[in-house]
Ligand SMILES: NC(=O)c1ccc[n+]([C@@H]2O[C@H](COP(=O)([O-])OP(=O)(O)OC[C@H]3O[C@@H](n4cnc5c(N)ncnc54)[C@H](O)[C@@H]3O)[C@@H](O)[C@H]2O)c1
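Just the one chain here, laid out as structure tokens, in the form predicted on its own.
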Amino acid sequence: MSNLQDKVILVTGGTSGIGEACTELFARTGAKVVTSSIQSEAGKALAARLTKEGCQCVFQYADVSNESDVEAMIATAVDRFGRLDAVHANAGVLASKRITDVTVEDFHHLMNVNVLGAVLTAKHAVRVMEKQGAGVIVFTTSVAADIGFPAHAVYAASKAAVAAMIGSLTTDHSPQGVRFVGVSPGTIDTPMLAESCAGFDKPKDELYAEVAQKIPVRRMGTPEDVARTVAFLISDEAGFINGAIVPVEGGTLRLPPW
């Protein structure tokens, strides 16, 4: 297990799916965690549950597309724990629509959360980390940025934008001690994925079984699969991994196009 003992870690989108798994794993392995999202009740319950277990975890409400919320969540980490060692910029939304059905409102919502949210989180976290001379930011991208997922054009574009941003951040800020990496999940069993099943003429379990049989490892991913990868990327053991995006997709990207 990667050593996260006493690291101060902020997780955005930290109260559901991948973010919740990351919050739990980080806290249970000794990190001091600030978890944030727009799900206040879920966030408070998650922090309370982990605190009861003896972990250090606090919840901070934040809409990552709102700069004042982002500043507040960064300040919570620094004020509460004295520093900010790592951020998992994980907050994201999904809209399964063909481009002919996408509204301007859909576009702005996806881009505001998935891209602007990542930009604002990096902007304010990097300022803290450069003063410290150290830090790491892990961004959640998606294999949708690399392959033609049906009815995901704008979502794919938003994740490709985040993937591209990682390279520029690395050249701009790594000389000051900050690492930037991405984790690119494939088909992961999360509430967001379950919501995307609405409208199909098959039940979710049947759809999931069909998808699993198409993945080379013959199963879908779990939030814990992603959390363990992010934990390693945050750890000092991954100190020479920088500017890279690690796929967590069971071999999906190696499938032939037929």
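Bear in mind that the values here come from a model prediction, so they are computed numbers and not experimental data. Quick note: we count residues from 1 along the sequence shown, nothing fancier.
The discussion below concerns the form predicted together with the ligand, not included here.
A.B. asks: Using a 4.5 Å heavy atom cut-off, which residue among 233, 64, 227, 31 comes into contact with the ligand in the model of the complex?
C.D. replies: Of the listed residues, the single hit is 64.
A.B. asks: Which residue, 91, 77, 86, 181, has a heavy atom that falls within 4.5 Å of the ligand in the model of the complex?
C.D. replies: Looking at 91, 77, 86, 181 one by one, just 91 meets the 4.5 Å heavy-atom criterion.
A.B. asks: Using a 4.5 Å heavy atom cut-off, state whether residue 58 contacts the ligand in the model of the complex.
C.D. replies: The answer is no: residue 58 has no heavy atom within 4.5 Å of the ligand.
A.B. asks: According to a 4.5 angstroms non-hydrogen atom cut-off, is residue 242 in contact with the ligand in the model of the complex?
C.D. replies: Contact check for residue 242: no, nothing within 4.5 Å of the ligand in the model of the complex.
A.B. asks: Might residue 10 be said to contact the ligand in the model of the complex, defining contact as any heavy atom within 4.5 Å?
C.D. replies: So residue 10 does not count as contacting the ligand.
A.B. asks: For residue 22, is any heavy atom within 4.5 Å of the ligand in the model of the complex, or not?
C.D. replies: Judged by the heavy-atom cut-off of 4.5 Å, residue 22 is well away from the ligand in the model of the complex.
A.B. asks: Using a 4.5 Å heavy atom cut-off, indicate which stretch of 122 to 130, 154 to 162, 78 to 86, 171 to 179 touches the ligand in the model of the complex.
C.D. replies: Answer to the contact question: 154 to 162.
A.B. asks: Within 120 to 143, which residues have a heavy atom closer than or equal to 4.5 Å from the ligand in the model of the complex?
C.D. replies: Residues within 4.5 Å: 140, 141, 142.
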